[in-house]
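A lone chain, given as structure tokens: the form predicted on its own.
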Amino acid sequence: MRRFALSFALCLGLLALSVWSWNKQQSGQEQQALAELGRHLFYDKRLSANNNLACSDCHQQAYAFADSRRLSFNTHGKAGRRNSLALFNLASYDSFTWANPLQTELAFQALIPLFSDDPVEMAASEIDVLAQNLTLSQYDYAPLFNAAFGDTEISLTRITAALAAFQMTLQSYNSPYDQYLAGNKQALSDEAIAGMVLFESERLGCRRCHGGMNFNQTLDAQGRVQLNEFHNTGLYYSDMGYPESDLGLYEVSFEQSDNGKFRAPSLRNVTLTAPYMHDGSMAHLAQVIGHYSRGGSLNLKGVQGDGRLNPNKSELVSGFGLTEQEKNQLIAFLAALTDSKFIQNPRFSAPNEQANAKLR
């Protein structure tokens, strides 16, 4: 079933990519119009089968465009199998989603939540029905499509290109950490500075999997970025390796060594994006730090087995000693990666429904 869904998405993706590539060549004003169209679509529940689920329901601004649930829910009210990834600074990613290196374009990626049947998410209708639904929306789309494309035609390629353009505007680079780097030495507390030193240390090795300005890039021993790196971090070690419900990168590559491999998400805004891990299995940062300190989890979420012994576990997850004071310092540093202005920026919020509503 997943192979069918991927093939379906790939066919549609080729169409979406042609428009997305074209839009990259457009003027700044046209790109702004495209992103504004995408903002309306991002918050519109009429993209889903039951008119009850928007992209913004699983990617909420208050949570840095993640959500507070362990697992996301679909349009039918059923829980999926993965935790929502936060959305910001997406230009720093070489692929999207938790465990699919083929998802390298946002316009292509949007087809999965919209149309995939495994997993079911928004379960959007075919484009003719979807276009009709949008004409009944609280938003007046005719001027929005006209501003972005020069006419009012609603098509799948235009929808996905607009959604991608809006997501690319979600920039978050104004945390206390950023202010500290810019020269404001009062932006970080002494505790956070001590935590930063720990984070950067070879003893903890956090930067090996959370490198770069966005804390999401894998670095080799010489500090060079490794593309499309996914990691088994020793969350589980059952008879199947990781639980059969989600085998990570293995589901795309079918290589046994990829069992349980997932991407390292950005640590920016990490205090806003709990619960953690691909399956939301860890509620607090202290639990996450304890997992890496141990070098793997034991019987996590009732799955019997010691993840520390998983043969596919990354060599970068080897464990380390940490005092209670050092743990608190590390958490203080991670908290300093929170960009409070980002989650309050009205340019990223839901459009004013009254100002955009049609007169009926």
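Because the structure is a prediction, the values reported are computed rather than measured. One-based numbering along the sequence shown.
Just so it is clear, the following notes concern the form predicted in complex with a small molecule, a form of the same protein that is not shown.
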| property | result |
| --- | --- |
| Contact residue in the predicted complex, from Leu249, Leu188, Ala86, Leu144 (heavy atom within 4.5 Å of the small molecule) | Ala86 |
| Ala335, Leu300, Ala35, Leu53 - the one with a heavy atom within 4.5 Å of the small molecule in the predicted complex | Leu53 |
| Non-hydrogen atom contact Ala161 with the small molecule in the predicted complex at 4.5 angstroms | no |
| Distance check, Pro113 to the small molecule in the predicted complex, heavy atom within 4.5 Å | yes |
| Touches the small molecule in the predicted complex: Phe149 (any heavy atom, 4.5 Å) | no |
| Leu316, heavy atom within 4.5 angstroms of the small molecule in the predicted complex | yes |
| Partner-facing stretch of 174-182, 220-228, 125-133, 78-86, counted where any non-hydrogen atom is within 4.5 angstroms of the small molecule in the predicted complex | 78-86 |
| Every residue of Phe73, Gln167 and Cys209 near the small molecule in the predicted complex, heavy atom within 4.5 Å | yes |
